[in-house]
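Below you'll find only one chain, the form predicted on its own, shown as structure tokens.
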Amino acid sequence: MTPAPIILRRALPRVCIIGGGIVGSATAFFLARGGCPVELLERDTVGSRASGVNFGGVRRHGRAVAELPLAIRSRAIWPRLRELIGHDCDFETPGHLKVAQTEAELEPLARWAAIGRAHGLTIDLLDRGQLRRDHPWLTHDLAGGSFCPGDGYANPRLVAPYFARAARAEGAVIREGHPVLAVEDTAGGGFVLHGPLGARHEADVVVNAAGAWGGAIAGQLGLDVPMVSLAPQMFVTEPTTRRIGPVLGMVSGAIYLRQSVRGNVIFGGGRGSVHPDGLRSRPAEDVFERSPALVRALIPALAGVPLIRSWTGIEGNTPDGLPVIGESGGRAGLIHACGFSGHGFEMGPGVGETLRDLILTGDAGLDLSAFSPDRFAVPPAIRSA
């Protein structure tokens, strides 16, 4: 039987959110603004994990088809950040350019352009000559590209903290340095979350927004969400002449980069290593060699621009590369929003707004079926074989 909308179970459900990344903080903000009693429990500090150290891309271009409606919904929120949370978080919209190294790589760009246009996006396909004319700072060896105006980037260090601050101003309780040690059902259909020093938090609804650690939280609650922790490696250069307009990505995924207003070039490519404790990560030596060389080949003018530093963060990746969003079939009031597989920054505000609608009205306003937490469940017959 389909569970009743959460709003019908209690007039204003008490919501407890596990995780203070962009997804958790945005969800806390939108729910608190909607009048819900909200507690956000963050193990470390708000925005200190992947949400605060990622590339900062705000991109719809090239998204998986299932993610596109959510990415578009989220993109509509980004220009409103100053109005909503008091800061624009350095949001800029120079567009997103994806480049192909070979003729064969042009085919997926053309295929996705049709998908993007069907969703109302403007997508410009560029042949070799057009790419050279419009973006002369790129190597002339590229086969072509695809450009999506309106995409851009923001400062990842600002977004989750500002959402959390705005949530607190709306009445949410934000607890940092507060890990969730266990989650239990109550006889009345709600939950008790246990924290340090005997702390107990009662809730009608729990949102698992624990990022790369969301699979472990789901496991405590009996749901198998397979997730692998990866550590994308990032770099930043000294400020240099402003010549790079759009955010840039390669079809191969080997490099993605952007230039800040100040002139620093921020780029990512390759992966570092995750410590066995699952809480720490570090850059990899081979990536230090490979990624800067790829950037210099892509943009010859960057040869000789010094690197300032390199870093990594830990993100949770699912087997199909799609996030886990929604209620688990057998557990009314338990909502997962994790495993974003590197796509959570752009979609975070949209996820927060969508979960508000799901919790308060029972209607997310979007089809979330592709993100079902139960899609990885193994049928009993197979499990026992």
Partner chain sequence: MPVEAAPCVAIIGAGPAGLRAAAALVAAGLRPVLLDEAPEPGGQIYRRPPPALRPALAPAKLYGPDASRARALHEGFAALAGAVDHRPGTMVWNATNRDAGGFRLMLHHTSGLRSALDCDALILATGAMDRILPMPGWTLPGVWSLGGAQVMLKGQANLIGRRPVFAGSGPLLYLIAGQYAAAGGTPAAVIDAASFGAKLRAIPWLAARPAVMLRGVAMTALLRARGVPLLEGCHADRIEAADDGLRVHWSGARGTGFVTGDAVAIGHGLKPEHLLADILGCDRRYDTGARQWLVHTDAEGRSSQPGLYLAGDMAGIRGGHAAETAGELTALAALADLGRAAPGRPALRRALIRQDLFRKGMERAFPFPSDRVADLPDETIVCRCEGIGAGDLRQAIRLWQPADVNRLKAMTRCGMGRCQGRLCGDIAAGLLASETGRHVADVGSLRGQAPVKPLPAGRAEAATAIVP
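Residue numbers count along the first chain shown, from 1. Computed from a predicted model, the values in this text were never measured in an experiment.
FYI, the form predicted together with the partner chain isn't displayed, but the following is about it.
Using a 4.5 Å cut-off to the partner chain in the predicted bound form, each of Leu294, Leu307 and Trp311 places a heavy atom inside that distance. Residue contact check for Ala301: none of its heavy atoms lie within 4.5 Å of the partner chain in the predicted bound form. In the predicted bound form, the partner chain stays beyond 4.5 Å of every heavy atom belonging to Thr186.
Residue contact with the partner chain in the predicted bound form: Ser48 places a heavy atom within 4.5 Å of it. In the predicted bound form, no heavy atom of His275 sits within 4.5 Å of the partner chain.
Of the residues Arg282, His194, Arg128, Arg271, just one reaches the partner chain in the predicted bound form with a heavy atom at 4.5 Å or closer; this is Arg282. Between the partner chain and the residues Glu170, Asp224, Asp134, Glu176, the one pair within 4.5 Å by heavy atoms in the predicted bound form involves Glu176.
You can rule out all but one of 224-232, 205-213, 241-249, 285-293: in the predicted bound form, only 285-293 has residues with a heavy atom within 4.5 Å of the partner chain.
Contacts between 156-175 and the partner chain, taken as any heavy atom within 4.5 Å in the predicted bound form, involve Arg157, Leu158, Pro161, Tyr162, Arg165.
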